[in-house]
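In the form predicted on its own, a lone chain appears below as structure tokens.
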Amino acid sequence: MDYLPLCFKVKNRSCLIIGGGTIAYRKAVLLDKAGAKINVVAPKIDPKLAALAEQSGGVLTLREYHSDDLHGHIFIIGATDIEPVNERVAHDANALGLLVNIVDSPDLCNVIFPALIDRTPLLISVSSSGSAPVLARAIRSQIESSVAANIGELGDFIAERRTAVRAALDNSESRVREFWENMLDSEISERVLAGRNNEADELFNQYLQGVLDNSDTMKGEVYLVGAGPGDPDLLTFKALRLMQRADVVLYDRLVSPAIVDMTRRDAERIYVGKARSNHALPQGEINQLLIDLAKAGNKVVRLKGGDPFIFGRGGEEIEGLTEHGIPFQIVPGISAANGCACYSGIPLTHRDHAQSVRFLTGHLKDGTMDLPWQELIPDSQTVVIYMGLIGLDIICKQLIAHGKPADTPIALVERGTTPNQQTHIGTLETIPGIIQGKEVHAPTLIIIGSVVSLHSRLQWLKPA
């Protein structure tokens, strides 16, 4: 290990930057966030840097660097583009035993700046010991994607209660540690992250009292998570975070295996998929299973393809949770309509083609389909039909019979946003023949309207 990672308190203390350009300004921004008093020495100082330094209570010195400038400072930053000057700054600072950073010259530094994730009071730093800053930034981005944007609020929540908890638990290190570990893995932290602090306070007080009474039982919670149309990269940060918290995961056939594999490895996984006329579990039993698992104290993720509230029956599932007083969260997902349309180069709206979109479900009942056909005729509307593959012939014939032009463009997007995506293009009149004899796999989304004609020009993104 070439460097010892430390956190350095510079609040209200004097730090010196030698250099007045853009690079110096970037370092000054970091010092300012930490509350430092910023002094600057340079023949010419960028106005933004000057304003930031003066705002911090610092002094601007418009001239070349002198060795005496270092006195009275705890941290020195050399940010000039003149190598001999940077070398002299490093030499002088080291002679005085001061901390010094020379930008882009790790060999001259005894302190380096890491790539930083700032979720105050939580700070996460990633360093390559100055040898590969691009790599450090890339790793930072990967970490940042898995850390809640408002995780700092959870840090403040804990900080405000640390003293009281330690006193209540008789300063027992093991009890205090176990208390906070359990709290972080509970719905209390989720309430804080969701901005529902009043509820978090109430739950926290109940939990602490339960610990003191030796009767604490953390309630279960259900997370209704939209898994998107198939591509794992389309998951939201919040979805991924909750998936990593789950004790039990319920998923259906519309959720790709790659997404299921992103749930916590030791979570119990239960398949509750429903295909046409073939239900692994009827909807009523799924609703009850969510209730039973949560009542047993589990954190349950219900993964649903697309968005839970667009033909996902999410509303039915949370009704039962509400009736039993079970806490839940709903995480929207990118809908199949949005995902499939984008990956096929078909904008659902376009000023020259369509000013509205209509979503429908194409389930057959007793071999028939009851849709408001006359309302689907206007040219300025894009029609998106979920679960309509089996009834495709009926859809095309009925639309034509009700006045939709037979040459209206139509697209069938098969297994959209996945590596197996196929897009079949035709018209209301020709599409049944185009797919005749082909093995078209569900899920397949149907898009009808003149926007489909843009497919050949706008299809630029292929699922990897």
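Each residue number is its position in the shown sequence, starting from 1. Quick caveat: nothing in here was measured; it's all calculated off a predicted structure.
Unshown form predicted together with S-adenosyl-L-homocysteine; subsequent notes refer to it.
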> Which of these stretches, 300-308, 153-161, 202-210, 106-114, has heavy atoms within 4.5 Å of S-adenosyl-L-homocysteine in the predicted bound form?
Replying inline: 300-308
> Could you tell me if Thr263 has a non-hydrogen atom within 4.5 Å of S-adenosyl-L-homocysteine in the predicted bound form?
Replying inline: no
>> If we define contact as a non-hydrogen atom of the residue within 4.5 angstroms of the partner, is Met387 a contact of S-adenosyl-L-homocysteine in the predicted bound form?
In response: yes
>> Since only the chain is shown here, I'm wondering whether Leu224 would be in contact with S-adenosyl-L-homocysteine in the predicted bound form (any heavy atom pair within 4.5 Å).
In response: no
> Should Ser335 be classed as touching S-adenosyl-L-homocysteine in the predicted bound form when contacts are defined as heavy atoms within 4.5 Å?
Replying inline: yes
> Of the residues Val248, Ala239, Leu193, Leu254, which one places a heavy atom within 4.5 Å of S-adenosyl-L-homocysteine in the predicted bound form?
Replying inline: Leu254
> Quick one: of Leu16, Val451, Leu445, Ala24, which gets a non-hydrogen atom within 4.5 angstroms of S-adenosyl-L-homocysteine in the predicted bound form?
Replying inline: Leu445
>> Using a 4.5 Å heavy atom cutoff, which residues in 339-357 contact S-adenosyl-L-homocysteine in the predicted bound form? It's fine if the answer is none.
In response: Cys340
